[in-house]
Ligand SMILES: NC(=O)c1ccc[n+]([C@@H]2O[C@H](COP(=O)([O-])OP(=O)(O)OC[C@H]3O[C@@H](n4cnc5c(N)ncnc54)[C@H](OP(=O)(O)O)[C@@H]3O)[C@@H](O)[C@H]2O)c1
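As structure tokens, one chain now follows by itself in the form predicted alone.
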């Protein structure tokens, strides 16, 4: 009899990666969602169940027949963790997607608290799962995630794996960090301006690697936290060069020494944020299925296609909150440097 998986919130980028990995090894998969993107590529063969976790009893009804594992792509708040633990007896184990931003630096700082470069947390390189996390609370994204994690990791009602990915990318990505470079290449910008000389290294997570790690956690139930990041994470400069190569564009790289407002990217930071993948290897037998530059081609293909017939802000509503394309400021910066 096939093992059964229920993927909650599985119609987006992460679901597109998790569902095929589970189905390829024989899992029977049901997707619980509000139905916005039921026909997304990669979800073929999965059943759909209408779920709105904020509606009392909705999730419980959706998993009334039980599941060997429930994968929660959207777990955010302590209330979400409590809801999941209430399914003990109906599901065999849990896998919850969290974030590496829960980590606090050795100085106690958290990414959410940054007001400027001097506030960047003092992280060990790489960051192990034993590194302290943000104090649980409701004031910021990372604190809510940390509170959610704590409830799952400090209980014995259900085996619960918490996965901490970094800057996720892949088909279906609505945050669209890589659009920072893709749009500039499509606009045929003659140069790209980068802070910190493009040397920032903020660990990336290809959705395919995240899907593989989720599969392994589903097959090896246990209560644990594991990081998820790509092998040999690229620098900002390397990301930009890879995008330019894929889109057959050349630009001059203007590398600024500091963290000026012009030249900031979604990965720019004054120090590395790189996670340790040893625990995933030792506890789950994890091996990456792709590299950043390999999976990037699929990411770029998706970003280009998603913006072909509509404004990019509509295609990537999360990215639209923070991605900036102030070409006038960049041009002024380059003119200023050329005049020196």
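What you see is a predicted model, and the numbers here were worked out from it, not measured in a lab. Numbering follows the first chain given and starts at 1.
There is another form of this protein, the form predicted together with the ligand, and it is not shown here; the text below is about that form.
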Review point. For the chain shown here without its partner, which stretch in 185-193, 232-240, 71-79, 111-119 has non-hydrogen atoms within 4.5 angstroms of the ligand in the predicted bound form?
Key: 71-79
Check your understanding: Does the ligand get within 4.5 angstroms of any non-hydrogen atom of residue 319 in the predicted bound form?
Key -> no
Review point. With the partner left out of view, is residue 172 within 4.5 angstroms of the ligand in the predicted bound form by any non-hydrogen atom?
Key: yes
Review point. Residue 127 near the ligand in the predicted bound form, any heavy atom under 4.5 Å?
Key: no
Check your understanding: Do residue 20 and the ligand share at least one heavy atom pair within 4.5 Å in the predicted bound form?
Key -> no
Exercise for review: Note which of 54, 298, 47, 287 lies within 4.5 Å of the ligand in the predicted bound form, where distance is taken over heavy atoms; exactly one does.
Suggested key: 54
Check your understanding: Going by heavy atoms, what in 156-172 lies within 4.5 angstroms of the ligand in the predicted bound form?
Key -> 165, 166, 167, 168, 172
